[in-house]
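Take a look at this single chain, the form predicted alone, given in structure tokens.
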Amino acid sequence: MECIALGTGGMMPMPLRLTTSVLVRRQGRMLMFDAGEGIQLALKQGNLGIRRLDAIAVSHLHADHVLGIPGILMFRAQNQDPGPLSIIGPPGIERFVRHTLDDIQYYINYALNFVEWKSHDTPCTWEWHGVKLSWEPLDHSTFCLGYRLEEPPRPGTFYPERARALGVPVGPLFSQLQAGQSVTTPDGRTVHSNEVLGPPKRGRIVSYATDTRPCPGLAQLLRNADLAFVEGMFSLFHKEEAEKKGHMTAAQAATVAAAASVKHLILVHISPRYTRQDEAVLASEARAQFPSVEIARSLGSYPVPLPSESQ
């Protein structure tokens, strides 16, 4: 699994930063978080393609998070039979997309599937090729969702000496046990995978949360994440402005990440007022709360390592 920061800024696309968007690639498929104005340019610049994009998960309906969706849809339509695309997001995302397509009179050569947040009483999960995507409301000036991608658990470490002691011959039966299956030995004995495997290893977790104050939903989404993309829009000098506008400082994002036992934090949605030099200040303020943090780089690639058995 790999994450790519297509854009890292907030409010509007700038020469220094496109608006915040993160692309997740796994087993040849892609899922995108948010799509602000012009974000298809990053896909072109990074030579990332778009045919294998399965879904766009939208945080909220502010312009810097949705105005790029029409361009993404048109870009994808340039492929022959690209397959369906799912768009997940807050109430109103389907209306926005369909009305925009109607107004610009552009033909889309694939099906659009919409999954809108309804309420806490309805399921808040969606499956992406075996990976669970879940979401929680955040605390912004308008209704906003944060997201969490979580792989299923993997089989634990295989101990071949245990298998041999139980009469399992070296060969294909070893592979079946490693995959979590039960096997039958040549003498007719059934050996279960839990007899030769260590404890299951948890799957990888990626979180994405932007445009929010600290809140319980944010903490829940970040819990034990291997990689978390979280807004760090303001410096401590602008903390009051952050609170007023429903945003966080870099230091606040780092504090929440530390409490949630995040492994590594990537700060996104940086205010356009800040230069590259200012980013060093944001990073310093964040690292005072949590050492494993960095400012997202445009088109930066962030591999997500597999957790060990002890994690």
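The numbering used is simple: start at 1 and walk along the sequence shown. Quick caveat, the model's predicted, so the values are computed rather than measured.
A second form of this protein, the form predicted together with a further copy of the same chain, is not displayed here; the remarks below concern that form.
Proximity to a further copy of the same chain in the predicted complex holds for all of G68, F96 and Q105, with the criterion being a heavy atom within 4.5 Å.
The partner is absent here, but in the predicted complex a heavy atom of L41, alone among L48, A259, L41, A283, sits within 4.5 Å of a further copy of the same chain.
Only one segment in the set 245 to 253, 25 to 33, 263 to 271, 56 to 64 has any non-hydrogen atom within 4.5 angstroms of a further copy of the same chain in the predicted complex, and it is 56 to 64.
Using a 4.5 angstroms threshold between heavy atoms, L18 counts as touching a further copy of the same chain in the predicted complex. Looking at L173, you'd find every heavy atom of it more than 4.5 angstroms from a further copy of the same chain in the predicted complex.
At least one heavy atom of M74 is located within 4.5 Å of a further copy of the same chain in the predicted complex. Using a 4.5 Å cutoff between non-hydrogen atoms, A288 does not count as a contact of a further copy of the same chain in the predicted complex.
With contact defined as any non-hydrogen atom lying within 4.5 angstroms of a further copy of the same chain in the predicted complex, the contacting residues in 1 to 32 are M11, M12, P13, M14, P15, L18, given in sequence order.
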